[in-house]
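The form predicted on its own is given below as one chain in structure tokens.
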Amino acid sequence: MLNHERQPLTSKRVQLMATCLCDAFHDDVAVATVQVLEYLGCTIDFPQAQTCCGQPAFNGGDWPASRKVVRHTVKTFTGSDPVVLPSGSCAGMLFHGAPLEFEKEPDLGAVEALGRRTWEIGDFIVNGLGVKAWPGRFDATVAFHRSCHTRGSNSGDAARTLLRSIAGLKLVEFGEGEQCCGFGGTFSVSFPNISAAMGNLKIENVLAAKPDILVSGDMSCLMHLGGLAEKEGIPMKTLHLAQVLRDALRADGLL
């Protein structure tokens, strides 16, 4: 199970880890995350030295390289404030993957301590701050994709809790919802044909439910599926959970 021991929240001051994908491709997801957290009354610190969670090297089997990145992350995100990420995948790396590769390392304690402070944003809103219903309005039919990296964590259920509570939003299920999108980080590079076939099957199942938008808490899945759909000329709009929450507030004049 990925659910991990939590460090109790003592304030609404948080540290934001924007992730590599926000930095390179999805800057609006980082902006939406900040806007949502500020709406909730959080004070946000953004450590400028942040880079990556270390997951690409971890998944590729290069644990020495991954540990180097994780050590930098531990050094960068100091203190006791919660670290919030708009990515279940990166959050899972810090509270699950990183402790695995540090089991025989002397700095395991520091890595585990960071993991106890790490939250994916949907999980943080629902289970950290106790917000069970989201204000605003979002008039659309939405399909929600839960990434593989959030299995066993609270993130998927938290996202669905928030989405179902939004006025005007209809959440629809789709076939084989638990199947992987096929991205898998370096998997999509090493096995592009298998990756594309898995992604196209996911798209087929999603479109059968006829949503207006495909939503996920992981940009990597959205990037993969959106890219495949665009390549095939299939119209399929994608949004990150944080963008939906932000846009719902905007639609009702709350932001």
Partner chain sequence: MRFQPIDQAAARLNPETRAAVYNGTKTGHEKRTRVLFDHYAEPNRLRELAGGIKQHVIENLDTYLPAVEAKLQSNGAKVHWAATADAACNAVLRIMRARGATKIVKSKTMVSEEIELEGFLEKHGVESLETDLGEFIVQIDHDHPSHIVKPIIHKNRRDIAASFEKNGLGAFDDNPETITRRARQFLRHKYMEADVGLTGANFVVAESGRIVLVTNEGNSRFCLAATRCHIVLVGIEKILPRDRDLALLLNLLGRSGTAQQITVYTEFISGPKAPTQPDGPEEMHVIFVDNGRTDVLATECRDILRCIRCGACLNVCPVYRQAGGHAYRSVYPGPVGAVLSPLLLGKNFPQKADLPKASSLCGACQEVCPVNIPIPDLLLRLRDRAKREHVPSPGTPPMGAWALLASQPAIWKAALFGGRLMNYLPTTLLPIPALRAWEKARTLPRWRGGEFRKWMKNRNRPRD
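Numbering follows the first chain given and starts at 1. Please read these numbers as outputs of a predicted model, since none were measured by experiment.
What comes next is about the form predicted in complex with its partner chain, which is not displayed.
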Exercise. Hey, in the model of the complex, does G61 get a heavy atom within 4.5 angstroms of its partner chain?
Worked result: yes
Problem set entry | Exercise: E176 in contact with its partner chain in the model of the complex, heavy atom 4.5 Å | yes
Exercise. Does any heavy atom of P56 come within 4.5 Å of a heavy atom of its partner chain in the model of the complex?
Worked result: yes
Exercise. Would K210 count as touching its partner chain in the model of the complex under a 4.5 Å heavy atom rule?
Worked result: no
Problem set entry | Heavy atom contact within 4.5 Å of its partner chain in the model of the complex, the stretch among 127-135, 111-119, 162-170, 147-155 | 147-155
For this session: Sequence order please: the residues of 90-109 with a heavy atom within 4.5 Å of its partner chain in the model of the complex.
Result: H96, L100, E103, K104
